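Just one chain is shown here, as structure tokens, and it is the form predicted alone.
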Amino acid sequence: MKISFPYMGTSHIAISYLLENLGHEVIYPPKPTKKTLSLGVQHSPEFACLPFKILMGTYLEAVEAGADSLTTSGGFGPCRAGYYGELHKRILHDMGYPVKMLVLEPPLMAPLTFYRNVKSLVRPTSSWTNFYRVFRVAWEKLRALDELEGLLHELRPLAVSKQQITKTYERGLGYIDDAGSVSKVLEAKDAALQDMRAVPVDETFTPLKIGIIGEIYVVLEPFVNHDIEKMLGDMGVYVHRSIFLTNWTKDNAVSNGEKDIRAMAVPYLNQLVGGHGQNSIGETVIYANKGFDGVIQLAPFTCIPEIVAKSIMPTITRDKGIPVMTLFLDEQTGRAGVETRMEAFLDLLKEKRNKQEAI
């Protein structure tokens, strides 16, 4: 198969390794750009959310580059994202691209469908033994990528040179990309972490601490959220992201996790509302209990689960004393506007911290 997949954060490094080593010709998904967004907006329903439009644009760029198959994740529950794979396929077919769409539904919810789609990726180009081998390497790459990014969030606000820590991190991504076995991935990760820890930092600086919550795609893909984590890190803020791809996969695809997060949400929202709505509530409570200065909620415009969560945030702010800023994103959102809102929010948090320290 000439196969492609959605671009999301750094996950393309692990996913392309997996598909290539299963014997497929990988058509690398282009990094989302304004052209991607423009294509997606042009060929998507107006009411569709931003992730749908960017994925639409990504798929169009991939099939025009030669992809005959696409693989993506599915979903269950009230969030309409569970229908996106089928909708994207129908739009592409109507446009004259008879592409094959492999939607990987969560194995806990649809084990037979998941097995059939994974089997179509493994056979006839590979074997289950080889799949097990390359999957282990790809999974280790994902874990390493998440660990590097977590350390980047810790070090960026402290780094004397923001440019140096960013370049060192990007060089570390190359180490992970080049590794071809589990042991090599672990060696590459250790080398990358060591390089990053060697970057000079200002240990006397105490950054503001902000938790990032919200819908998974807008949280994980920097193009969609205007690279908000880097923006905040460059402003001297420690960012803690609530979602990493490996944690999400373990908690939603392998086991029924996140019970602790949902338990924290119950006093405010005692049922699932689709997407990450209930998680956003629970994670905000957890950040408040851990003493974070504030929380930023990222959501696609018209995302119902996050709209429900946003309506509850003022109550949590009143009860827990933690400021929450919600940022709804669509194709009209500009970077300058996001920067202005970040600066205003940070001013509020600094003022709050100064008052607390003065008591």
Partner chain sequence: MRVGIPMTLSFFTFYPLWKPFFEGLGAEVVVSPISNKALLDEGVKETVNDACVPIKLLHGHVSALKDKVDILFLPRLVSLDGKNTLCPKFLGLPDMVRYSISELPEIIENRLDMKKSRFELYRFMFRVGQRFTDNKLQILRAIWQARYNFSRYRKLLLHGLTPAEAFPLLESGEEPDKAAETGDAIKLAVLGYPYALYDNYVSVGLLKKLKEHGVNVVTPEMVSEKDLKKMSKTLPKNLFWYYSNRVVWAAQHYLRDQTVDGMIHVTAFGCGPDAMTNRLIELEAKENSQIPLMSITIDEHTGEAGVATRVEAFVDLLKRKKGIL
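All values derive from a computational prediction rather than experimental measurement. Positions refer to the first chain, counted from 1.
Beyond what is shown, the protein has a form predicted in complex with its partner chain; the following relates to that form.
Only one of 29-37, 63-71, 287-295, 47-55 lies within 4.5 Å of its partner chain in the predicted bound form by heavy atoms, and it is 47-55. Although the partner is absent here, residue 153 sits far enough away that none of its heavy atoms falls within 4.5 Å of its partner chain in the predicted bound form.
At a distance threshold of 4.5 angstroms between non-hydrogen atoms, residue 332 is out of contact with its partner chain in the predicted bound form.
Residue 271 belongs to the set of residues with a heavy atom inside 4.5 Å of its partner chain in the predicted bound form. Under a 4.5 angstroms non-hydrogen atom cutoff, its partner chain in the predicted bound form lacks residue 180 among its neighbouring residues.
For the candidate set 77, 107, 207, 222, a heavy atom within 4.5 Å of its partner chain in the predicted bound form is found for exactly one residue, namely 77.
With respect to its partner chain in the predicted bound form, the three residues 120, 132 and 138 uniformly fall beyond 4.5 angstroms at the level of their nearest heavy atom. The single residue of 321-340 lying near its partner chain in the predicted bound form is 328, the criterion being any heavy atom within 4.5 Å.
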